[in-house]
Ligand SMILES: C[S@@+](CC[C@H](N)C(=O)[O-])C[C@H]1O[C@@H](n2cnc3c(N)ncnc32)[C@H](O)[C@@H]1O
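One chain comes next, on its own, written out as structure tokens in the form predicted on its own.
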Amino acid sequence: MIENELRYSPQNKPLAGYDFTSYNAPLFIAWQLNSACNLDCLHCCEEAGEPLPNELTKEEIDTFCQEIVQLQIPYVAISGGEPLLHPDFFAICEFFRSHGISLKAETNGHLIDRQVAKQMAKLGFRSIQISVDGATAQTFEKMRGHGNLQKTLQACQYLTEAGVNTEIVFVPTKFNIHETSRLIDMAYQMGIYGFYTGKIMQVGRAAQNWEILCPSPQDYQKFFVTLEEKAALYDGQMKIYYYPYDVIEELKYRLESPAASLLIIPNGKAKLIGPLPFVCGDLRQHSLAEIWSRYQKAWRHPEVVTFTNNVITNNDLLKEANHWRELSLA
């Protein structure tokens, strides 16, 4: 759900006069640190699993982190793959926090024990997001191949006990959406800070498995009624965030109003946004400041505009999201 950091809900749209080109640097970096993952999820937007052969080296990571600090980017969210599999995860987090950068991490939780939770608490993360796609082992483990619901819930418990702002991310599908209410209640009982959800994104493996994943319109109607009811029930006790639009509606909005953010994938390339295949820069070839300038130009590139409009009318093109296309930008 890191991708949600690139979104605005109708209740949280940019202020009048917002223009992403007016910023000298992005306000937010979404960083997919690695591609390795210990699970095999049906809906993985990044199609993670095995490491990419050309992921950033330690020295390249250090340079990137220093550039983030130099540009005074206030907020970074780290995901993967599974970021806790990366040997430098904690060193990166310590560097950012030592420079006052607000930091979020998204993980499946399977590598979080009591000691790791305490280590995260000391770093003062803005939040740790744990993916929990079901209230029962049957649905959770169907969604997350090799996953273990008990391990995931135990990770949530370790984090909340350590005083970490812990958020649950729930992706609804036709086989788990009926467990929404139960999972929200479970989250509250565990002391979870926030519950994030919304329509499943038709990207990556989710696009490939769309027929077995996508809920019906009737399912969604009940889903959003449940969310409204639970938001009212837990108002002031647990935050419930939900985004009511699908990826097509998102792209329509983004084409008009791009976010002041960058999405960096494990090999150092910068994508415009998860659902599109376009790459606007490369940390091995461009400085972060140059990538930001290229990102601003890229959203008005004819190839991007044409492809995005085609996606809006032909959802099958979303299957190309991870077939990266390098843009030619002057």
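Counting begins at 1, following the sequence as shown. The model shown is predicted, which means the values in this text are computed figures rather than measured ones.
Just so it is clear, the following notes concern the form predicted together with this ligand, a form of the same protein that is not shown.
Screening 187-195, 100-108, 114-122, 221-229 for residues having heavy atoms within 4.5 Å of this ligand in the model of the complex returns a single hit, 100-108. Residue contact check for residue 55: none of its heavy atoms lie within 4.5 Å of this ligand in the model of the complex.
Proximity of residue 135 to this ligand in the model of the complex falls outside the 4.5 Å heavy atom cutoff. Using a 4.5 angstroms limit between non-hydrogen atoms, residue 155 is distant from this ligand in the model of the complex.
Interface membership of residue 43, defined by any non-hydrogen atom within 4.5 Å of this ligand in the model of the complex, is confirmed. The partner is absent here, but in the model of the complex a heavy atom of 171, alone among 128, 77, 259, 171, sits within 4.5 Å of this ligand. Of the candidates 33, 291, 276, 37, 37 is the one whose heavy atoms come within 4.5 Å of this ligand in the model of the complex; the others do not.
Along 273-296, a non-hydrogen atom within 4.5 Å of this ligand in the model of the complex is carried by no residue at all.
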